[in-house]
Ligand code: TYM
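Shown below, as structure tokens, is a lone chain in the form predicted alone; questions about how it binds or moves come after it.
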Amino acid sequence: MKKNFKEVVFSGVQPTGNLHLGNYLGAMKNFVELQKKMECIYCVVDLHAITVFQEPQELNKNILETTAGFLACGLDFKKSIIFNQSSVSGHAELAWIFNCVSRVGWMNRMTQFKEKAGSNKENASVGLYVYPNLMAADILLYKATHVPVGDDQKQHLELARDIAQKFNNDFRNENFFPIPEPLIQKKISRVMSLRDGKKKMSKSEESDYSRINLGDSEDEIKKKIKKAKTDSLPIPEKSEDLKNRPEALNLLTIYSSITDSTLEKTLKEMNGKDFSKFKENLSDALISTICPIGKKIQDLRKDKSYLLKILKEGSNRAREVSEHNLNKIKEIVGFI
């Protein structure tokens, strides 16, 4: 008989700096909606960030900027637990236990390692190779039942589910860990580059015109949308007509998400218009949402002590939950 677990959402964002529209629409906007319905734990995953070398001062700045981004987008630190991963040692402790539960064959199937390590995988850090086990520890340390995921993280959640199942089986505790379920956004799961509709929007792309940063000014947003790649065809009536038009689909999907609409409604509203007119509407919608968030991030970043206070309070709350669970895990494993 399977145990009923309390519904808990866990998600993390890497503090890599320069938060952009993809972070907002792909994650943070959804986080705000989830906190209205469920118990939520949101983490700045700084341990994941150091799988590739980070300049210490830059990492420190980015942790605070990501925290400011959480708050500016509407997360409520009284409703949700907001903290940075490295401040709760249970993440690293459970990751080691999971390193010993997880299998090398499982790691070898992780496509993100292959993509990030590239052709020089012998020179990649061991942390980059095993970080899916740390991700599983992040989720299961709090016995999270639901995880918001984009398309690129589905494989890692599958691994977390496999690890939970194997731990429960290995230690004959069938109902100890829940098998976490994915929460996949219906409206948007990936925001693509403004320069190439087949590539994910990313801060690592060389051209700043490939993305809308949360700190962009009105003029910068207008310029970037004006230059965003499209095609010469008008906006169609049906979504299936966008099948081989990735850039057009991306802009229309962004507009739908930023205006809390659906792609179908957007196509009905914009059908037959050319993209020059549509881009004006898209710019206005982005400016009205993104610019106030950017201003809030700037204001919050000026008050470092306030951000540190929120992280400390969140860490204390996270530690209370994690220590209780970790003590039980250690007992199950046989540690004294």
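Model, not experiment: these values are computed from the prediction. All residue numbers refer to positions in the sequence shown, first residue = 1.
The form predicted in complex with this ligand is left out here; the points below concern that form.
Of the candidate stretches 303 to 311, 289 to 297, 274 to 282, 45 to 53, only 45 to 53 has residues with heavy atoms within 4.5 Å of this ligand in the predicted bound form. Taking a 4.5 Å heavy atom cutoff to this ligand in the predicted bound form, the contact residue among Lys223, Arg245, Lys166, Lys200 is Lys200. For the candidate set Ile139, Leu194, Val88, Ile82, a heavy atom within 4.5 Å of this ligand in the predicted bound form is found for exactly one residue, namely Ile139. Using a 4.5 Å cutoff between non-hydrogen atoms, Asp152 counts as a contact of this ligand in the predicted bound form. When contacts are judged by a 4.5 Å heavy atom cut-off, Ser315 does not count as touching this ligand in the predicted bound form. Although the partner is absent here, Ala95 lies well away from this ligand in the predicted bound form, with no heavy atom inside 4.5 Å. Using a 4.5 angstroms limit between non-hydrogen atoms, Val13 touches this ligand in the predicted bound form.
Contact annotation for 117 to 138: residues with any non-hydrogen atom within 4.5 angstroms of this ligand in the predicted bound form are Tyr131, Met135, Asp138, listed in sequence order.
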